[in-house]
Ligand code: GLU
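Single chain ahead, written as structure tokens, the form predicted on its own.
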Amino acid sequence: MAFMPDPSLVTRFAPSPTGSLHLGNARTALFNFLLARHAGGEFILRIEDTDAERSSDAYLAALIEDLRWLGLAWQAGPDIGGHAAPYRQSERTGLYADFQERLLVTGAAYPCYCTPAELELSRRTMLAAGKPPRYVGTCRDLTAAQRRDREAHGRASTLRFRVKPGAEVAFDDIVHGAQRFATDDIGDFIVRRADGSAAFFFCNAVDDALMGVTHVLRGADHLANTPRQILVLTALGLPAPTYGHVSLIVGDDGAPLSKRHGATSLAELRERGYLAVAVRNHLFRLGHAPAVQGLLDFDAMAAAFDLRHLGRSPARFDLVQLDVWQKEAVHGLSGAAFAQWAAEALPAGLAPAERESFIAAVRPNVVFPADVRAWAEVVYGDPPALPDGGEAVVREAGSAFFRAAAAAAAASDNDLAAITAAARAASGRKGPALYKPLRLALTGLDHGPELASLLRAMPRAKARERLIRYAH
């Protein structure tokens, strides 16, 4: 399905504030945002917090912070209001009650007094008979007297939607194409729980209609919910949005994404120092195959987002590929942006010139703030230990080599050309035989940033201290 600019297009992201924002939901939010941005339409943030026991304001605040860090901007939501406010479902209970009463009055729904134990027994019986478990209609045709009797005995009731038997619910899914569900396989479902709260099927659908949502992109695990929601909206005379159920995200082994695959939430990626642009570019390509390559900014990403490129197969989250995007994003930062990103990893008390010199030296070898911290230890910390085999390389260079190098470092203000010239003259060494012992003695590593740049950042006394210890 191609789509053209359409200011009337409205998408939404409707998370529950019951935990950290995981990557699957973050991608759902991104896709809905990009669809609206591409069309010039509206993107709504709605909070589905009817689960009072698990929802919290702390989770909501963290969720909003995560979404804003990712770079998403909504035109209506719980923090900014909008034409269909409120945008927290916990504040819309009176509205749901009105629509539930309408279903009850028209006979589209009925009270159900079955206990959880009775429902579980019925479910097991149907499974044992090889039938799909669905409500068998025990309370579907109770008389008014039978209902009064159950209420007199203290039976709490839910409200069930009355599904017409022998019918079919059909709709076109953006990703999966034509869909058909037999109502006999659905069964009567709950729209109001025994505690009076609205069920997901119900409030989610009603809110989409009342908020003017025209397109819903969500995970493929919600595909089976869609026929129920269409039935509710039809019974209430409300419009249904166009649905698209995107592929689920799995780990590189094909299993559902979990802790063993690495970070699974935006908060974890943020804590590790990933840049939002890197995360966006990776999520953008999970279950979506754009026609453009390279690291994209928001404008290019929105222009390239195409519903026809949404895939049905599970999307594999690849931490290695995310790191590729991270490296490209870090190397694309301006000097000021890099310094801000790496600020907490930089040593305290550095003068501006020292900080600039250090950043210039290590930046080509940095992907995460932890890398900055590691190189700061190399440049400003205690004399480094040598790796396996390093001691032999250094000792083979000889004491005269390092006496000359240490003297040149002190006299030249750590100029690599002067240091290598002095060491060459003292030992006759050249090429790797000249540079490798120097790098090992100075950094404890046989690889890393350009040695001349590291020396410019390193305090003069430290460079001499590290060289002179091998001069005896």
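Start at 1 with the first residue shown and count on from there. Bear in mind that the values here come from a model prediction, so they are computed numbers and not experimental data.
Here the subject shifts to the form predicted in complex with glutamic acid, a form of this protein not shown in this document.
- Of the candidates 355, 222, 270, 162, 222 is the one whose heavy atoms come within 4.5 Å of glutamic acid in the predicted bound form; the others do not.
- None of 192, 228, 218, 282 but one reaches within 4.5 angstroms of glutamic acid in the predicted bound form through a heavy atom, and that residue is 218.
- In the predicted bound form, glutamic acid stays beyond 4.5 Å of every heavy atom belonging to residue 368.
- Within 4.5 Å of some heavy atom of glutamic acid in the predicted bound form lies at least one heavy atom of residue 16.
- Interface residue remark: residue 200 is counted as part of the site for glutamic acid in the predicted bound form, having a heavy atom within 4.5 Å.
- Glutamic acid in the predicted bound form is approached by residue 204, whose closest heavy atom lies within 4.5 angstroms of it.
- Residue 48 is the sole member of 25 to 50 found to place a heavy atom within 4.5 Å of glutamic acid in the predicted bound form.
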